[in-house]
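A lone chain, given as structure tokens: the form predicted on its own.
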């Protein structure tokens, strides 16, 4: 109870509440401008959080990401251009309805579903994380090794597109994680005589380069923007929301459940959660033919899933220190920057920080209603803001932010080089999430493997000697073999079909 009271005391201060409001407005603005993603918003925010206490810093990230994910629906509805990847799954439905004069009705149901999904995911986070943390306290180097390997493997199998490219992206991230002094020998690796690299590559400049500078270069390499709104919006925001929520409440529950589950998988994120929820909703709908022509049901499933996925991604990040998506990867970097180690002990420190985090999640999602309503009414202002004005400002933020972490020009060079590499990878279809997982978890895999080897004298069978470690190890091996198992199953099915015919 004392920890809960401390949590309220940490959040309900003037400074933290002002930070939540300011971060919410920032998140709404960035999310509503086409081409600027939620991850980019969080990456740009990190240098500012460097000067905050831990609670306001986490509150700023939570508020910004939640608002940006919702705000991505605004340009999707008016321009058929999703503001964030998480809105792409149902942009056709939104735009088709908007052309019929129902833009504000669409955004109203988007807003309510986002709030519902966010709170649903937060409740799951509160219930599950505490229990998982008690289990995680029993973990040793063996369990953490397999858990990290499982996270890296999931980032490949879950990624959209070529698995080979996802694997190569993962190797790039792991390569970055090997920079610095070797844990066992103390010998420098890939430091090229630069003293600033002895401690390894700093997360924050890499994140800024991958998600902010990469997007900026992508903007300048594309054709000039031309944004005109042809949609006439005169309908009410909330008038039809009760009718839709009463009819599709099961979809909201199902979408939120899928979003939380998918969000908790390392490397998945809100965009994959939205796509899967949309596909599941369509497969179970009685009105499949209406999908793609402007159907509220498809919007309800997916928009509930993308915000619940945000909360779900915090479960592995807080309990095991394994990021669920790129945003929680940045959060882990911020927590390390604040001198905190994400993991089960974060639940036992008694400072109330974990309860403060839960309270921030609930407040941020509730504040989405009034701020989201205001954003819907001011949609045209956000959408028509010329990106060519914003991009130079964002570039300045990138450079200043990368430098301000350690007052080191090396971090600026790291940000520039990583941004260029990320741009080349992105335009060639390489996903970024595996690279981030590789960077964050590469050292976890190496350190726990070496620690286990030292403890057992090099006995590899010890990784299967403990029950949980053996279970995780078998899960990883089954996951690796799953493509072969699926092929064998399909071959057997087709052979049986031919034999019966």
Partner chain sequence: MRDVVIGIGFVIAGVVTIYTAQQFPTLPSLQFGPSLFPSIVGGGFCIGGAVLMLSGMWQRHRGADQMMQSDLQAAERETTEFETTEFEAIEFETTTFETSTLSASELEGAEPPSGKISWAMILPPLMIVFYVVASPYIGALFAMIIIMFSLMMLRKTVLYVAVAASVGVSLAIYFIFSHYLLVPLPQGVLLGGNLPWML
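Residue numbers count along the first chain shown, from 1. The model shown is predicted, which means the values in this text are computed figures rather than measured ones.
The same protein has a further form, the form predicted together with its partner chain, not shown here; the description that follows concerns it.
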Proximity to its partner chain in the model of the complex (heavy atom, within 4.5 Å), stretch among 469 to 477, 456 to 464, 62 to 70, 23 to 31
456 to 464
Would its partner chain in the model of the complex be within 4.5 angstroms of a non-hydrogen atom of every residue among 172, 271 and 416?
yes
May I ask you to state whether residue 343 is within 4.5 Å of its partner chain in the model of the complex, using heavy atom distances?
no
Should residue 213 be classed as touching its partner chain in the model of the complex when contacts are defined as heavy atoms within 4.5 Å?
yes
Residue 182: touches its partner chain in the model of the complex, heavy atom cutoff 4.5 angstroms:
yes
Can you tell me whether residue 221 touches its partner chain? I mean in the model of the complex, with a 4.5 angstroms heavy atom cut-off.
yes
Between 352, 294, 200, 188, only one gets a heavy atom within 4.5 angstroms of its partner chain in the model of the complex; which residue is that?
188
Which residue, 289, 427, 127, 369, has a heavy atom that falls within 4.5 Å of its partner chain in the model of the complex?
427
Scan 274 to 288 and note down the residues that get a heavy atom within 4.5 Å of its partner chain in the model of the complex; none is a fine answer too.
275, 276, 279
